[in-house]
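In structure tokens, the next block holds one chain alone, the form predicted on its own.
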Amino acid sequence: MISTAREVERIVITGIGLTSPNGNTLREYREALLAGRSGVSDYEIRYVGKTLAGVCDYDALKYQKRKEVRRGTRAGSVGIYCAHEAIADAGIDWENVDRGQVGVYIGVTEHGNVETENEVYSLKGYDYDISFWSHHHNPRTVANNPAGEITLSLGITGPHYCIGAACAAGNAGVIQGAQMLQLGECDLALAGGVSESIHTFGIFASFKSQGALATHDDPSRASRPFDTDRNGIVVAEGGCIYTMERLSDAKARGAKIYGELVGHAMNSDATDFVLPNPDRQEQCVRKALGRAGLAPEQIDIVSTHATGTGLGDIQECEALRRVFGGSQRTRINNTKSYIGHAMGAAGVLELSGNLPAFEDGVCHPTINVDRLDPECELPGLVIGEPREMKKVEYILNNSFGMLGINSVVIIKRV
């Protein structure tokens, strides 16, 4: 049992480090969202050929040497970049931090496919002689790799691990970080999610075989959740990591605070490998609201998970109508329409795109909706142009994944 003292600990976000297909800082990212600027571009990968993807363009050598980048993984590199950026953004005196009291909790959809595919491909040139197999393969492919690479880069000696939660993983990382702070397992949490998905041909091939890989003549218009002509997912890479602290600690050091985690929930559909269950999604949203002590009409912005698949978008909209159908206050948007689906990083990147609304009072829109699917109609859905709001107090972020895993977090303005 958690002690009473720990139960009432309030957890806040004090730093944000990110890389996305349309920005490498929160400021750049937010500007792109308000300007309607997509980060999706043409992309080509072995065996699949020409396709589309959300590709990040961050400076991998800002915090790593070339040798370190070569030895590690793309997911690890993304995580290292985001973690360093978050610490800098939070104004933490890193040299004087007790690194044994820092925990690293990173959500991932999958990890290791990129490295294994690359090794098998390179063996073709050596007649599949495994003596040419890289001795770095094992540490590159273990499930804790991205979190572990962060600890190596920053000299962190506290706990680290990755949370495998499909496309709900970003939210799961944030929830885990908060829980570990409340349990006293760490005093500072680096929590969020990363994705290197675009570097594995398998994910493109699988979505294509399912008929769920988006196509469009204009890459910037390919990701189109809620649109009648949506035809699938745009795969993206990216990462976003928060510094999370107890409110008392953040106040003691005079930290700026992006928001407070006041509600969260996770549950399982237990009905299908890929088709979402609106009943379970609704339950997850209501559970998070209940934990936060909020009514649906108190939520200002709902950030949707919608990926641009035919049935997936409809199922989520059904769940949201049940919860928020009577709310005149709530505005609803989607961020995948800009950057595609960043898998393990999706939830936390999408949440981050909305957090500045606490300050600027603007809900960024969903783009690429030329003809709204009648089955995706939602009260308060913001399309095309940003929507100014009187005040933003609460943001709710949906993030769901395959095998029926659902996650919801609610952030409050502080």
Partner chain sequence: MTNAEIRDVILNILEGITPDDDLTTLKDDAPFREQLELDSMDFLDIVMEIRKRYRVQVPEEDYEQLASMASTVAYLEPMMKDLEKV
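Positions refer to the first chain, counted from 1. These numbers come from a predicted model, not from an experiment.
What follows is about the form predicted together with its partner chain, which we do not show.
Colleague: Does the 4.5 Å heavy atom contact test between Lys67 and its partner chain in the predicted complex come out positive?
Modeller: Yes.
Colleague: Would Gly125 count as touching its partner chain in the predicted complex under a 4.5 Å heavy atom rule?
Modeller: Residue-level check for Gly125: yes, a contact with its partner chain.
Colleague: Should Phe132 be classed as touching its partner chain in the predicted complex when contacts are defined as heavy atoms within 4.5 Å?
Modeller: Looking in the predicted complex, residue contacts with its partner chain include Phe132, since a heavy atom lies within 4.5 Å.
Colleague: Check Arg71 for me: does it contact its partner chain in the predicted complex (non-hydrogen atoms, 4.5 angstroms)?
Modeller: Flag for Arg71 set to yes.
Colleague: Quick check on this chain: which one of Gly184, Gly310, Gly202, Pro139 has a heavy atom within 4.5 Å of its partner chain in the predicted complex?
Modeller: Of the listed residues, the single hit is Pro139.
Colleague: Choose from 72-80, 98-106, 117-125, 283-291 the stretch whose residues reach within 4.5 Å of its partner chain in the predicted complex, heavy atoms counted.
Modeller: Contact-bearing stretch, as computed: 117-125.
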